[in-house]
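Before any questions on binding or motion, here is one chain by itself as structure tokens, the form predicted on its own.
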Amino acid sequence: MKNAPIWLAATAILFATATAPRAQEERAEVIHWWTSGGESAGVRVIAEAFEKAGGTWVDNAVAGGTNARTAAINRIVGGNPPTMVQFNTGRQFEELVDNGLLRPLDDIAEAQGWKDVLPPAILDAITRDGSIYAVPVNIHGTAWMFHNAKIFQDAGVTPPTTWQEVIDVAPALREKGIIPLALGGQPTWEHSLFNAILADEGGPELFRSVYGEGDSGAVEEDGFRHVAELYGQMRDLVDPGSPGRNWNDAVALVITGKAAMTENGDWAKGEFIAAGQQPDADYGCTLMGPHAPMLIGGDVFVFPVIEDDAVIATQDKLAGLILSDQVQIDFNKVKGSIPVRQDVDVSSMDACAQKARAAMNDPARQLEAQELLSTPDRTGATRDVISQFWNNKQATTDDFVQNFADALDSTY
């Protein structure tokens, strides 16, 4: 058990001697964190496809990604694993793989030709030591700017296409009593906004140096300082009610016309869809900058090791359904993402999805999200620094740069 923390190693021994849950034919207990309107619509697509195929879906939604992952890990190492568990695409489930608690999916991946239809970045993210351990559901662009079209029309200003323009249009919006930028006031969303600016203004090379290599020297360069200064100016664009706000509540401010813009992943589009709004009519979606990369993230499901043939067959069925053409289209239409299978026809999807697929068709615009590059340790350390800077307007760019470099040096 390489890299096993004490708690995990100890509970893994417990798992090894525990009795697997009693199998029930075609019964799937699924732990996930999809609880907002768009997210719930997405998970219902998978559940209904499974039930249509004869299965029984036992939904175990836990609000908040961290809470859901913790609950699932406790179940797995405690010897009472669910059938299937949601994680983000990336390194979040690496420790479970290292400790032999997840089932490799090489047989089903080969049978379904996953290597022929999934993007290389996604394949790399689900592969450990040559074996595939997760079935991807989608590709999320994690750095989009959404805006309320009517607000900009009424204010007589053009929706921004660069981060500097976001700052420049703010006075005109404030004159109309509109919040320029709605933000979920939690460290995750403060980090998301920073990463969007780093990807667009700093560029893929700097982004990978910082998060993939942990290069603290890159943080001292002018490109990173430029990003930090832009990010610092964004602190004046949000409203006093932002701290503690949920991401979907920030999106709701834009939908209801109280705020002009919000930055988030394209899962935010699911909220616009759930509200009955149309892209390029009621709202706009923009990858910021003339050569903005598609910051690639997404969701996967993993399958705990369970020594029961009926459960294994159920897991196989779920994996096959998730990557079927119909589920890929139906799920991503309501979730806000695009199909992870590159051979699926997306012509029936909306304007935002067309922009996302166009970006994905250009390898130079593909950039791995932080979750695919960083260890959870590095992600947590940098998130703390970013959140402290965001919530303290007295903190300077010099403070931020130094603290960010120290955070990188403290991780591996």
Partner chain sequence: MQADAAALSARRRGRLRREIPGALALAPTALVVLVVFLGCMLWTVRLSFTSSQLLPRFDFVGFEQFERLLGMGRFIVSAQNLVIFGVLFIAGCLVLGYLLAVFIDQKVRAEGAFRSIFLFPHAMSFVVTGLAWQWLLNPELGLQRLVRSWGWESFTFDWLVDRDMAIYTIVIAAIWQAAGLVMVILLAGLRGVDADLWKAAKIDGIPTWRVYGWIVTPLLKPMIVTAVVLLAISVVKLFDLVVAMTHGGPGIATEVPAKFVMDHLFERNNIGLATACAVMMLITVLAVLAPWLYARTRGGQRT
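Rigid core here is just the name for the largest C-alpha set that superposes within 1.5 Å across the two forms. Residue numbers count along the first chain shown, from 1. This one's a predicted model, so the numbers in the text were calculated from it and none came from an experiment.
What comes next is about the form predicted together with the partner chain, which is not displayed.
No residue in the set T89, Q112 and T127 has a non-hydrogen atom no more than 4.5 Å from the partner chain in the predicted complex. This chain appears without its partner; in the predicted complex, the one residue of T35, Q354, T70, N361 with a heavy atom within 4.5 Å of the partner chain is T70.
Checked against the partner chain in the predicted complex, the residues I178, M294, L101, V135 give one hit for a heavy atom within 4.5 Å, which is L101. Listed stretches are 92 to 100, 147 to 155, 217 to 225, 320 to 328; the contact stretch with the partner chain in the predicted complex is 92 to 100, by a heavy atom cutoff of 4.5 Å.
Although the partner is absent here, Q186 lies within 4.5 Å of the partner chain in the predicted complex, judged by heavy atoms.
Although the partner is absent here, S387 is a contact residue: one of its heavy atoms lies within 4.5 angstroms of the partner chain in the predicted complex. T66 belongs to the set of residues with a heavy atom inside 4.5 Å of the partner chain in the predicted complex. Contact check for E201: every heavy atom lies farther than 4.5 Å from the partner chain in the predicted complex. With the core held fixed, Q278 shows a CA shift below 2 Å between this form and the one not shown.
Relative to the superposed core, A68 undergoes a C-alpha shift of no less than 2 Å between this form and the one not shown.
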